[in-house]
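A lone chain, given as C-alpha cells: the form predicted alone.
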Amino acid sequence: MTPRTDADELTERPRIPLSRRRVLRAAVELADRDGLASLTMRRLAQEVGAEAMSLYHHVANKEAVFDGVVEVILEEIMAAVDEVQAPSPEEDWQAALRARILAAREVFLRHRWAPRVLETRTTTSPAVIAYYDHVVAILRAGGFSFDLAHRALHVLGSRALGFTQELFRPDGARTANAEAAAMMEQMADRFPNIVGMLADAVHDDPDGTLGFCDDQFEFEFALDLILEGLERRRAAGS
C-alpha cells in the first residue's frame, strides 16, 4: 500500500464553502496586508482559492466588494463601541461619545485604507446609518433637541466615525514628510505664513495616524474642541 502524503490529505480536505461573508472578510484581509490597490477580483479569487468567475455569485463587481467591506468595517466598529467602558450619556454625554468615537478610530487604525473606501461610496450603507443613529441616541440622552443633534452631526462630520476628511492627500512614492518639505520649498516666497505653520507642525505618531494630517493628537484636539462647543450650545438651550 502506498503511504499517504500530506499533499493527499490537503487534496481530500473539504473546502470551506464560498459565501459573501467569506469573500468580504478575505477582501479586508487582502487590503490590510497588501494595500487597497491589491484588491482586484483576480487577487481576491486567489485569496479564497476559487475561480474569479465564482466570486460573481456573491458580489456583483468590485464596487460591490467595496460596499461590502464597508459593512464589515462598520460591524467591527459597532462591536468595539459596544465594549467601551464609559459613563452613561445621561451622566456625561461628552465622555460617552468621545470614548465611542475613539473606539471607532482604533478600528480604522487597524484598517488604514478604509476611510478612503468609505469616502467614495455613493450610497449610504444601513450599517453607517445604524452607527449614526447610535450617535444621535447619545446626544438625545445628553439633552440635545433633534435640531441641535442634527447640527452636531454636521459639525462632527466624519470625525463622528473616527477619522478626519482631509483637504489635501499627497500621493505618489514620496512620504508625507518629503511631500510637505518639497511643497514648503516651492511656496516659501509666496505663502510665508502657511510655510511657517507647516514647518512648525510635527507629525511623529505613525501608529496613531490615518492620513497626511490626521494624527491622533490633532484628531483628539479637534474632537474635544467640537464636543466642548456643542456642550456650551446645549447648556445655553440653542
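Everything numeric in this text was worked out from a predicted model, so none of it was measured. Residues carry their position along the shown sequence, with the first being 1.
In what follows, reference is made to the form predicted in complex with the DNA, a form of this protein that is not presented.
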| request: Would you check, heavy atoms only and a 4.5 Å threshold, whether residue 33 touches the DNA in the predicted bound form? | output: no
| So in the predicted bound form, does residue 199 come within 4.5 Å of the DNA, heavy atom to heavy atom? | no
| field | in the predicted bound form, residue 26 touching the DNA (heavy atom, 4.5 Å) | value | no
| Exercise: residue 56 in contact with the DNA in the predicted bound form, heavy atom 4.5 Å | yes
| Contact set, 92-128 vs the DNA in the predicted bound form - heavy atom within 4.5 angstroms | none
